[in-house]
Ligand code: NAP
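Quick setup: one chain, the form predicted alone, written in structure tokens, and binding and motion questions come after.
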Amino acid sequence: MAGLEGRTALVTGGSRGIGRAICLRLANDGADVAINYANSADAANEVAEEVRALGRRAEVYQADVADRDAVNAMCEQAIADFGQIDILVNNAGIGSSGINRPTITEATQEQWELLIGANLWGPINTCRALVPHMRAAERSDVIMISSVASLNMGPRMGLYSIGKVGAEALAFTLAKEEREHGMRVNIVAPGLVDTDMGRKLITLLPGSDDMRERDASSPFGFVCTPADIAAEVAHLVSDDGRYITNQRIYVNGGGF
């Protein structure tokens, strides 16, 4: 799938995992990419070099998406660098496994603020900063990377689920508000994905800690990969997805 030539995407959390795969897939399909990262400059720069090797432009931007001022500065600089941003992928997030999956009442204030900051305030901040600018584009897209956790509401997943449900509410509302401006807004909700976050999560769940041992019990005989998520993002923002908005698409092999 190609056809993203002339378009520019800003991908939050683009230095590794799902974000990295999205950056590379969009670049492969013709888009230039603004790569956001929180901590790993080296990893972000490696992704940028891979994007450039595909013949596309890439720039990297450090910002904690929970920090509104940092997000505003990042978006202003990205607009100055690229001229027009017309794809926003809200991918940055922190899973419950990152704080060892506390219950709702056990979680500290700092843990609440960390997960709600990354998973909900992050998308709010980027949308507030970029959506008014994106209205000027002939075609624009916002993609929210959510999770099946927004549906499952599993125990010890509450802090993560609450953030993702809020981000989905943001996306569904934005889809209705911005359709008149030619903007499509959709949600991609993965299940277990073979990433650092996914590998940490399975160490805290019943069953094998080896992702490859989980392939046999997964739909179609393999655990979802970052490339599978990136492929759906690429479809939604392409011309093939031009009549799709206000949708939540689960990429989990049909299992919950």
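Just so it is clear, the structure is predicted and the values come from calculations on it, not from any experiment. Position 1 is the first residue in the sequence shown; the rest follow in order.
Another form exists, predicted in complex with the named molecule; not displayed. Remarks below refer to it.
Shown alone here, G241 lies farther than 4.5 Å from the named molecule in the predicted bound form, counting heavy atoms only. Contact check for A70: every heavy atom lies farther than 4.5 Å from the named molecule in the predicted bound form.
Although the partner is absent here, S146 lies within 4.5 Å of the named molecule in the predicted bound form, judged by heavy atoms. Contact between A118 and the named molecule in the predicted bound form is found at the 4.5 Å heavy atom cutoff. Contact with the named molecule in the predicted bound form, defined as any heavy atom within 4.5 Å, is confined among 23 to 31, 49 to 57, 212 to 220, 188 to 196 to 188 to 196. This chain is drawn without the named molecule; in the predicted bound form, the residue among A129, A92, L159, M134 with a heavy atom within 4.5 Å of it is A92. Residues N36, Y37, A38, N39, S40 are the members of 27 to 62 with a non-hydrogen atom no more than 4.5 angstroms from the named molecule in the predicted bound form.
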